[in-house]
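Take a look at this single chain, the form predicted alone, given in structure tokens.
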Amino acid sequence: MCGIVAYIGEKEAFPIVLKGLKRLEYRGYDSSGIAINNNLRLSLLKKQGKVAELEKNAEGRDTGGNVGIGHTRWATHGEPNDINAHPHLSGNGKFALVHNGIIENYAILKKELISRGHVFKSETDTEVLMHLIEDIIEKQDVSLFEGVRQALHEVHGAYAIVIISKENNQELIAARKSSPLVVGIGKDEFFVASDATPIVEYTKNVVYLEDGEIARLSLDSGLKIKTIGNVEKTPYIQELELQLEALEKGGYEHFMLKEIFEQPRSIMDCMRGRLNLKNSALLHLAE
């Protein structure tokens, strides 16, 4: 299952995104990658294999920048390799995108985009979506947000996406349909992830995007949400109850081993309130 992490704020994005990818390793993956807006240029790192390989590949590279997106990929379209790994760039190199899910009509869209002069480097449906967004932005001279909104009208399937632009280090765009995406709200910073595990370390205030919603996360104007139909929505901020300790391996070599040894406590927690240990009696059976 693919994983997404993104950050925008005043801190360095790369270490936050990298740590978030490590927290998502439990989902399973075959490659990983990170794109950073580095002084209004996109720095892209992608690597087949574990996140540790990506981290090693980043040594000595300039990974500075306050906006970043990261991804762990489980291959669907195209074999596991560096080229098919996310993020994917637009043809003009101005935008980078990460994507969970499957674009079902990608082949039709790709054929049309090729007829318009687009050249693809990967075998993925994700790169097709990135080029479609680019095509709309260039031909209609619209903003990144509007380009994403219009592009999503044309795609069929499931997606959770996050996009950054090299020309703007003050915003990122996120959207979802049938694939989860959560926005973390900090002080002068935002986090995005496919689940809350990479976020809980930094903030407990989150917004879970609903199907068909697009979010603009801006350091200038805050969080704005609209539907694909261009209807503005009021963000519903929730407080996470998840504890960081529950996400760590707790000294075990891997998460499966941790889960095995946690079974007695998990069973006890499940039965809590339903067993009277003193009298060996069952409680609340009606529940």
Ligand code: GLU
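Residue numbers run from 1 along the displayed sequence. On a predicted model such as this, the values are computed, not experimentally measured, just so you know.
From this point on, the text means the form predicted together with glutamic acid, which you will not see here.
This chain is drawn without glutamic acid; in the predicted complex, the residue among 77, 94, 156, 204 with a heavy atom within 4.5 Å of it is 77.
Taking non-hydrogen atoms only, residue 194 never approaches glutamic acid to within 4.5 angstroms in the predicted complex. Using a 4.5 Å cutoff between non-hydrogen atoms, residue 73 counts as a contact of glutamic acid in the predicted complex.
Contact annotation for residue 131: none of its heavy atoms lies within 4.5 Å of glutamic acid in the predicted complex. Taking the partner from elsewhere, residue 8 is found to have every heavy atom lying beyond 4.5 Å of glutamic acid in the predicted complex. This chain is displayed without glutamic acid, yet in the predicted complex the stretch 117-125 from 183-191, 117-125, 148-156, 132-140 comes within 4.5 Å of it by heavy atoms.
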